[in-house]
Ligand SMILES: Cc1cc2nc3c(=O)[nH]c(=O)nc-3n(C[C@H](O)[C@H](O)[C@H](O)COP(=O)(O)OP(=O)(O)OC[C@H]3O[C@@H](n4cnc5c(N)ncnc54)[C@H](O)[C@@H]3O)c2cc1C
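Here we start with a single chain on its own, the form predicted alone, put down as structure tokens.
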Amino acid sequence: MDAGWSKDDLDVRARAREFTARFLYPYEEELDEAEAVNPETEAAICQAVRDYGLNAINHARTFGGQEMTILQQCIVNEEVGSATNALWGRVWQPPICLKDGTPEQIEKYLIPACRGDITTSFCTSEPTAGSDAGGVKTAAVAQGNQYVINGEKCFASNAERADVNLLTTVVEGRPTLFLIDKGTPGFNVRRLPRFAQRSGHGHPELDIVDMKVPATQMLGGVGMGYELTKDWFVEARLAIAARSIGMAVRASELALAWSRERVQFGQAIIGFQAVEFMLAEMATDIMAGKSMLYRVASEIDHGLDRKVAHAKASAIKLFCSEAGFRVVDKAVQIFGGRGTMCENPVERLTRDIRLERIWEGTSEIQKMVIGGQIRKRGLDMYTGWD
């Protein structure tokens, strides 16, 4: 299905697909077993991202990005998302809200992040504020020309090593973002829990104790945190949806190949209706997910209202992550016991796809967003076809 893609769109897909096969798939098992990739390999992957024109696909060329359309960004995320153990994270996409920084912040953070010279982390969740983003308690108090910040964070992906951390706080009760440089006193990693996914980076718990940061490190102004985070959530949720489809496609292709090879009772198991039905359901879920994802991506590229885009992104993230999970689970079933072997990509995809139903808003949170929109505006936003 090319969805009427342009020559440039198809070129993006070809580059992303070749890059993934050459520079991500070969290191999956190494990362899974060692929970790290050696520095030489990391450097080679980083350079390949630049060589293939896949760095900062979500940012303007003015800042050193690739300035891809939303549709093209989804294409890239679908392809790289098929690599297990979150190797897709090596294809860096600096948070979109960095573009709203001051000229000095853009020069210091966004441009180097687009080049891949520095890494970023977004620290939002807290022990009592995950899905309830309004429950953030990390507080920044003005003290002269600086702010003193106290609080704690959890699931702060990559914060243990990021060069700059986007920190969600409240200033006088209003959500506000700060840019926190690596090594800032008071920004402390309390614990690095071990998670199912072997990505090579952690999701640490943070203690923020009397951390002093200049007022110039605020991003977007007091009270702008929700708006800036909202834009980031749209970007992140579309990326998750695309990755989920990429995982589903890879799992289904592996399952199909195995069903043709595996012989039981004198015939290949693809000849059994039970397996055939699973493959049919997998194909249907993928087709439906791709149709949703790329239709709305195109709508956004053609000027879809920002609030509508946010609402539709929730529906896309919900469906694609849940459908991706169903597909990968069926792939494991088709492989049988071999589907639970860590050397089999579908086992690793099982761990990866499970996370996509949780982060950047659980499936239940997406349903709340969708339900709220239906209450306010009716069904047409989701069922209409203009």
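Don't overthink the numbering: it's just position in the shown sequence, from 1. Computed from a prediction, not measured in an experiment: that's the story for all the values here.
The form predicted together with the named molecule exists for this protein as well; it is not shown, and the discussion that follows is about that form.
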(Q) E364 versus the named molecule, in the model of the complex: is there a non-hydrogen atom within 4.5 Å? (A) yes
Q: With heavy atoms only and a cut-off of 4.5 Å, decide whether C123 touches the named molecule in the model of the complex.
A: yes
Q. Using 4.5 Å between non-hydrogen atoms, is F155 touching the named molecule in the model of the complex?
A. yes
Q. Any chance E347 has a heavy atom within 4.5 Å of the named molecule in the model of the complex?
A. no
Q: Just one of 354 to 362, 33 to 41, 61 to 69, 323 to 331 has residues with a heavy atom within 4.5 Å of the named molecule in the model of the complex, so point it out.
A: 354 to 362
Q: State yes only if every one of P26, W92 and L254 has a non-hydrogen atom within 4.5 Å of the named molecule in the model of the complex; otherwise state no.
A: no
Q | Of G200, G130, G151, P112, the one that lies within 4.5 Å of the named molecule in the model of the complex (heavy atoms) | A | G130
Q. Can you pick the one in A14, I374, M368, A21 that has a heavy atom within 4.5 Å of the named molecule in the model of the complex?
A. M368
